[in-house]
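Just the one chain here, laid out as C-alpha cells, in the form predicted alone.
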C-alpha cells in the first residue's frame, strides 16, 4: 500500500513538473517525460515503459521524445545485445540550457546595439528604450555567466 502511495506521489510530481515546463513553452507531455526520466527507476526507460507510466499515446510520446532529444534534454541509448532503445535524462541539460540562454542574450545584445546605432539621431525616448533593454540583457548575461562559473567551480566541472 505504501508503495502505491509513493508511486502516486511520484506521478503527481511528474504532472506538476510537466505543467511547469508548459509555462516555459514546452508541450506538457515533453515536461512530463522529462520529469519522469528524472524520477524513474531504473533511470533508463524504453518508450513503452514511459508510455505505460504516463498513460501517453505512442504518437504523442514519439513526437515529444524527438523534441526533448533535439533540445538535448534527454539521450537515446542502446544496450549491447538489446534491440530496444532507451531514453535517459541528461544530468546537465538545464545547465546546457542556461549556457544557450547566455548565447541568446549575446546575439540579442548585438541586435540591440545595431538598433541603438540606427536610432542615434532619433529623439532620446526611442534610443532610450533600446538602451534600457540592452542594459537588462547585459546584466542578465553577466550574472548568468557568473552563476555558471560558480557552479562549475563548486561542483568541479570543466567550464565551457
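Numbering follows the first chain given and starts at 1. In this text, all values refer to a predicted model and were calculated from it rather than measured experimentally.
Below, we refer to the form predicted together with the DNA, which is not included among the displayed structures.
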In this chain shown alone, the residue from 102, 56, 130, 95 with a heavy atom within 4.5 Å of the DNA in the predicted complex is 56
Residue within 4.5 Å of the DNA in the predicted complex by heavy atom, from 116, 40, 50, 29, is 29
Which of 63 to 71, 131 to 139, 118 to 126, 103 to 111 lies within 4.5 Å of the DNA in the predicted complex, heavy atoms considered? The stretch 63 to 71
Q) Looking at the partner-bound form in the predicted complex, is residue 85 within 4.5 Å of the DNA by any heavy atom? A) yes
In sequence order, the residues of 9 to 25 that place a heavy atom within 4.5 Å of the DNA in the predicted complex are none
